[in-house]
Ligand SMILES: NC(=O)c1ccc[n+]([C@@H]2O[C@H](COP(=O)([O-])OP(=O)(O)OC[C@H]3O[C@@H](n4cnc5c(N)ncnc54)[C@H](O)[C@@H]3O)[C@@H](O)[C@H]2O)c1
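This document opens with one chain alone, in structure tokens, the form predicted alone.
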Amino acid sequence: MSNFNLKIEKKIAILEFDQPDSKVNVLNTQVMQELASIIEELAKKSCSQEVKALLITSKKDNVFIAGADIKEIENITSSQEAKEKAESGKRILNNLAGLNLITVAVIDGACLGGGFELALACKYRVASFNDKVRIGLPEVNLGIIPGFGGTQRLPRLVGLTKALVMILSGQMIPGKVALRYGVVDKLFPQVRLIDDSLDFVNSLLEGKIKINKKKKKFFQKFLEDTHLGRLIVFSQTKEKILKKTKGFYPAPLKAIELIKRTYRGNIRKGFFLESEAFSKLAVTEVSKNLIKVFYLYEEFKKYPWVDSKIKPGPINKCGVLGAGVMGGGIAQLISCRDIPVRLKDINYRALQTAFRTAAGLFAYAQRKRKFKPHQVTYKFGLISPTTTYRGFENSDIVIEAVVEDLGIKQKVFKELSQVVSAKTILASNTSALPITKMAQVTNSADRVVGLHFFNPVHRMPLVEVIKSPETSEQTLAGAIAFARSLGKVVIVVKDVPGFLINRILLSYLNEAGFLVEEGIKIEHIDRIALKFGMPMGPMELIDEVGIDVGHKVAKILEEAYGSRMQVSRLLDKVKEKGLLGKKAKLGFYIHKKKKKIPNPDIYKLIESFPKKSISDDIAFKRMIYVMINEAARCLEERVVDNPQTIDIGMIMGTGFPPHRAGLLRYADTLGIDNIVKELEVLEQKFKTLRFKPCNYLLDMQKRKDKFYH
């Protein structure tokens, strides 16, 4: 089956890419071979003057080319194979670039990775005003670098600084930004894209227009065209990347090194060095793991949690109860999607706090050019404050985000159920309390669901949707669709104390508390976690979450699960002392502006506690293995049905290092037998149920099984 349709009219060739049986176009071996034959044919036609120009277009909706086939990259087993694939792809695109034709990539949607490299090999690029246009080189997100010439052609097109930003961040830019950068030469209305592109080509053939390269401003010229300027660019860029990745991700560092060696040099040599660098990265464990995470993310974007026959109702208006940090963040996120929000609290002083939170988030988005000033004004205006339930009667969903107290939440839900319409979804943002008990006090328990956002709401990509035994499939479908409409990844979990993510995470944070009790310094505990790849250490994370909030959740879990979830005495002592963490600038650390120093007063609280000699290896295993054990219990209790849900949840909800591919993927690399034996040793040594291996792990050990097959 052909992937391309070639037609020639009035000496202009139009090559339509339409991959059969696929929603998107990708560049795999078969496609590239077919493309090579077409380019060869066009080269002959250009010599005979049968063809003078080439438009490359896509027949897919909202997609030009999504990139190279990731399955082929995943299956690369040797550096030599990776190098050959990169060289082969480059030869074909170099032949495209060498055609004695006016070549134009006509972009109407996603133009990513190898697809963008193909577009870069054309002499011109045009795009539509379609909001779905996204152009970029996201290869670093898969642990590799562009392999079809992107590291060489993009800097020559847009300059060093813009190219570094796009390549190192995997940034995907919309059409208007692409025009400003000089990535595309023209933007046309979507309905006239092909016609206007043909007019554009004819104007080029007739010499009526000439596309001039974007002129560099003085400072950009200094940074890119002088030796000193380039030294500054590469030095600062490397410093930023190391700060961000902590050295766990080699691809961006390789890209910096490569571009530094090849910028303004011989492009053929640059192509060769790009293939060399690509070949080394494509076989790394980091790349293989990041590809697994990519598949996980793609799977859970559309994971069918409910029957496809159940259609969620529209969400045209929302209510949010509770104007704290979470309530304000949730309201701001909803209004960003142009949905009106009614925000309620007991007094206007509390509402002012939420509005300050929302205003700060909008101001940041405007500074980052995500929104224009008039858009911010409009979206901010969609949040309306109230101290009564007036305006909630016609809300399609109401999200409760009041204090973490079951009695107060039940009171709120009872009042809500008497105010809202019969179709309104009632959702709680609780992080640990039972949804079932909130639903019991309403007049329709089937409409109640958990909708657990993570803090900060605008950044954390995960939402846990908690289904109680009474939650209807219609309610569940509505909650899932709503969370996804806010740009979130959704996991659905069973209604148990702590649900999934907090239940696993608290075991880790609590264990860190025990380790400090036993004599390990606060900052040293954090360094152990950072060395593994966690985004921040457990003690800093407790400060970030709020000691009061973390302690309350820990107590809920201790009450529910008994001595194996016993709260560390240190957490009790710190809570008794009234330390709140980062929000009060005093917790396990003293927080001063952007700096933090360990709080010496913490050690005074545990002076009388017996101290132990604990190696870094044992400390690490205690924190990580308790999480694996608790995750296995969650599978045993059917909190979730598969390890994939746990892994995507931990990556998106806690920042568990993606280069490890997930908590349970990582467990498989350690070996279940080794984990069980280590837990048994720890159980015997410390005489505590915290380390007792659960039956699920013991059964896996007997079967010599893995979480992933």
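Residue numbers run from 1 along the displayed sequence. A quick note: this is a predicted structure, and the numbers were derived from the prediction, not measured.
Here the subject shifts to the form predicted in complex with the named molecule, a form of this protein not shown in this document.
Undergrad: Closest heavy atom of Asn455 to the named molecule in the predicted bound form, within 4.5 Å or not?
TA: Output for Asn455 is yes: heavy atoms within 4.5 Å of the named molecule.
Undergrad: Hey, in the predicted bound form, is Asn429 touching the named molecule, heavy atoms inside 4.5 Å?
TA: It does: once the named molecule is placed as it appears in the predicted bound form, Asn429 has a heavy atom within 4.5 Å of it.
Undergrad: Though only this chain appears here, would Gly109 touch the named molecule in the predicted bound form if you measure heavy atom gaps against 4.5 Å?
TA: No, Gly109 sits far enough from the named molecule in the predicted bound form that none of its heavy atoms falls within 4.5 Å.
Undergrad: Flag Gly229 as yes or no: does it have a non-hydrogen atom within 4.5 angstroms of any non-hydrogen atom of the named molecule in the predicted bound form?
TA: No, Gly229 stays farther than 4.5 Å from the named molecule in the predicted bound form.
Undergrad: Can you work out which of Val639, Val516, Ile624, Met326 has a heavy atom no more than 4.5 Å from the named molecule in the predicted bound form?
TA: None of the other options qualify; the answer is Met326.
Undergrad: Exactly one of Val183, Val341, Val545, Ala82 has a non-hydrogen atom within 4.5 Å of the named molecule in the predicted bound form; which residue is it?
TA: Selected residue: Val545.
Undergrad: Name the stretch, out of 317-325, 133-141, 70-78, 589-597, where some heavy atom lies within 4.5 Å of the named molecule in the predicted bound form.
TA: That would be stretch 317-325.
Undergrad: Heavy atoms within 4.5 Å of the named molecule in the predicted bound form is the criterion; list the residues of 337-363 that meet it.
TA: Heavy-atom contacts to the named molecule in the predicted bound form: Lys344, Asp345, Ile346, Asn347, Ala350.
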